[in-house]
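As structure tokens, one chain now follows by itself in the form predicted alone.
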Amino acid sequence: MHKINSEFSEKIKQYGAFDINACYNCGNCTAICPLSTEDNSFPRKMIRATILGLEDKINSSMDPWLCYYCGECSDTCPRDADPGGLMMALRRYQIRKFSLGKVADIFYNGFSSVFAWIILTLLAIGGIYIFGNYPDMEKINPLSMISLDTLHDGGIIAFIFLILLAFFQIYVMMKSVNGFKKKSFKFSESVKGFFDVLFKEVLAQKKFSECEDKSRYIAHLSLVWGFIGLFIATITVMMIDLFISTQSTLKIIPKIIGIVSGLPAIYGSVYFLYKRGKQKDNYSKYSHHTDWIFIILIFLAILSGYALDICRWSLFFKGYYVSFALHLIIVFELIITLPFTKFSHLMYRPVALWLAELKNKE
């Protein structure tokens, strides 16, 4: 038995849903969606649950995460109810619902979001000032701004923080899933399902490729692969510094990986910034401020990374220190806010796809 919240459809508009009450349940959105199946007949099912105010049903469903918002349902909706926008709004709503202490609320409210980003920026600047040294502007030396030991220690602390928080929030997500908490799945099936999702959906984005707009699929895949490459490069550098030497010539390998990986990530972020700026496609017409902040931070993180390398190679001393500081601030903000902002798609969507895979096999 699900409780009815009569104000839920109005509440969900705060997260970007357009006019879902215009829907008259024709089912066109489900019929047109290339990803909808007999097992997961979205977005129609989620529309009805939203209009009826079945908040518990929505919280226990993974359907919002199975949608990639290609916009075909919204393009063909006879009532302009924007079902794709609703699915995106429900993802934002679930990010808030699953987050520890509802911290995500801060980043999905316009006023508190501005205040939070300012505080995080000031904390990052304060950290550089407290743990760093006054750099010698007449020569380039990474250790003169902030030591590698401090960076490594901070990175390890941030990594542990993210892992613990991610496991907690994923646990909350899984616990809320209808049917999952009452059933046990074979270990072999769970492992196989996990690797199927990892290779088919995370790395190849197979379901996303079924959407009509192939350019968006390529841009999204570029962003994912670019981010994975940059993450591998960062971890590799840290491992070389910790276990081999900070002066090791092996560091050229992650440096190359980072430079190469940054290119598709730049392409993907520029593509989405351009699309959101033009506002011609349904998925970009009603962009939430969290979408803008996320993609801008990704773009600036990569751009500042390239800038500090260019300044270092060209011996532009002041430019190097400025771009290095900017890069540290942006990366700090991305890492700290990952579980509470759009960046959390990185953990929620694969888990949702994995749970859907297990339930379908059952």
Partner chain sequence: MFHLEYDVMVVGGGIAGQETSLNLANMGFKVILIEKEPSIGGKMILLSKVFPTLDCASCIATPKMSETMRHENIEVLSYSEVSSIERIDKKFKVKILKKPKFVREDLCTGCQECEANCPVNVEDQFNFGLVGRRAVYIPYSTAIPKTAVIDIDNCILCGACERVCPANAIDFTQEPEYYTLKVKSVVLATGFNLFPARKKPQYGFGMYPNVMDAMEMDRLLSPTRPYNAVIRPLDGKIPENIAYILCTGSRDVSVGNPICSQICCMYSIKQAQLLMGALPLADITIYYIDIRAFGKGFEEFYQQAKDMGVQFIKGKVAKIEEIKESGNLKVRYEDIEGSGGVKEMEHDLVVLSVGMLSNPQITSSFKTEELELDEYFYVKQTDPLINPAKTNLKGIFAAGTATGPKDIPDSILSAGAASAEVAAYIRSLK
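Positions refer to the first chain, counted from 1. Computed from a prediction, not measured in an experiment: that's the story for all the values here.
Separately, the form predicted in complex with its partner chain exists; it is not shown, and the next lines address it.
In summary, among the residues 78, 127, 155, 110, the only one with a non-hydrogen atom within 4.5 Å of its partner chain in the predicted bound form is 78.
In the predicted bound form, at least one heavy atom of residue 25 sits within 4.5 Å of its partner chain. In the predicted bound form, its partner chain lies within 4.5 Å of some heavy atom of residue 33. In the predicted bound form, its partner chain lies farther than 4.5 Å from every heavy atom of residue 327.
The closest non-hydrogen atom of residue 37 lies within 4.5 Å of its partner chain in the predicted bound form. Look at 78 to 86, 97 to 105, 115 to 123, 274 to 282: in the predicted bound form, residues with non-hydrogen atoms within 4.5 angstroms of its partner chain sit in 78 to 86.
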